[in-house]
Structures are given as structure tokens and as C-alpha cells.
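Here you get one chain, nothing else, as C-alpha cells; it is the form predicted alone.
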Amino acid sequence: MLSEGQVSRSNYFVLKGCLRKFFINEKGVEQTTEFAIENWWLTDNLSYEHRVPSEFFIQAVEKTTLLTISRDAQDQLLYTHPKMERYFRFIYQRAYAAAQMRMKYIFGLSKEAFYHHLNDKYPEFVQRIPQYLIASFLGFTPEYLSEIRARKIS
């Protein structure tokens, strides 16, 4: 869907399935920053809004059905139907609030507590997403996630 260096020309709406946004760090490790499941939007906002090359990748995690809208089509939609401006503002506000909370958890919780918080709040999400991607999202290795999960079972 999107590779680093490409301009993000679409905003993706997930009808079915799951997307992830990630970058590859200086060690060559994929770092997942966001997921999008049914009824969620995903794009590289900086690239999409400013038409600059992306520093991220977007890929499907599972078989996914999408609706896409280009920046020009979205601008026309907002101009033609001003009520949609409110809808997209709500979507961006919700995404920004989620990003704020994720930063709080990254800096305010231990890695183990961060995992347990995610698992307690979104158990269906943790069960659905492959564990190595959950580890990538939480900022640690799949092996460490396995250790945390084994301790919880014991």
C-alpha cells in the first residue's frame, strides 16, 4: 500500500481486516506505530496532507478490504459536504487522543504493565494481531513478550 519514500496519496478506511503503519529503525528493526481495524482510517498524515515522501510503510496484517480516498477527492468532499468536515475532525481528534495516551503509556508504564494494560483494555485486539506485531507496537522483542505472557499464566 505504502512504502517509505512514496507520497501517501490515499487515506485508507478499513471495511474488513487490519492494517499497520510502521517504520524501520536504524538497527533494521520494524517498529509498528499504529494499527487500523474495521471502521478505522489510516494514512501517513504528514505525507498525505503535505504531499511529501513518507517515512513509513503501510501494509495489511490480514486479508483486508478497503475504501480509499485521495487528498483531492477528500478536499472536494469536504467542500461539497461541509458536515463531513466535522466527521473528519472527530476522526483526527480521536486519533490524536489515542496517540497522546500511547505516549503516556510508553513513558509512564513499565513494558510489562503496558502489555497488561493493552491486553486488559483490548483483549480481542491482542488475540487477533500476531504477537510479534504486538511486541513491535509495544516497543520490545517477541521473546520478551513471550516471557511476559508466560509469567501471567504461571
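Bear in mind that the values here come from a model prediction, so they are computed numbers and not experimental data. Numbers follow the displayed sequence, beginning with 1.
Note that the form predicted in complex with another copy of the chain isn't included here; everything after this is about it.
Though only this chain appears here, would R102 touch another copy of the chain in the predicted bound form if you measure heavy atom gaps against 4.5 Å? Contact check for R102: yes, within 4.5 Å of another copy of the chain in the predicted bound form.
4.5 Å heavy atom contact, F125 and another copy of the chain in the predicted bound form: F125: no contact with another copy of the chain in the predicted bound form.
Do N39 and another copy of the chain come within 4.5 Å of each other in the predicted bound form, heavy atoms counted? The answer is no: N39 has no heavy atom within 4.5 Å of another copy of the chain.
Any of the heavy atoms of R89 lying within 4.5 Å of another copy of the chain in the predicted bound form? Answer yes; at least one heavy atom of R89 falls within 4.5 Å of another copy of the chain in the predicted bound form.
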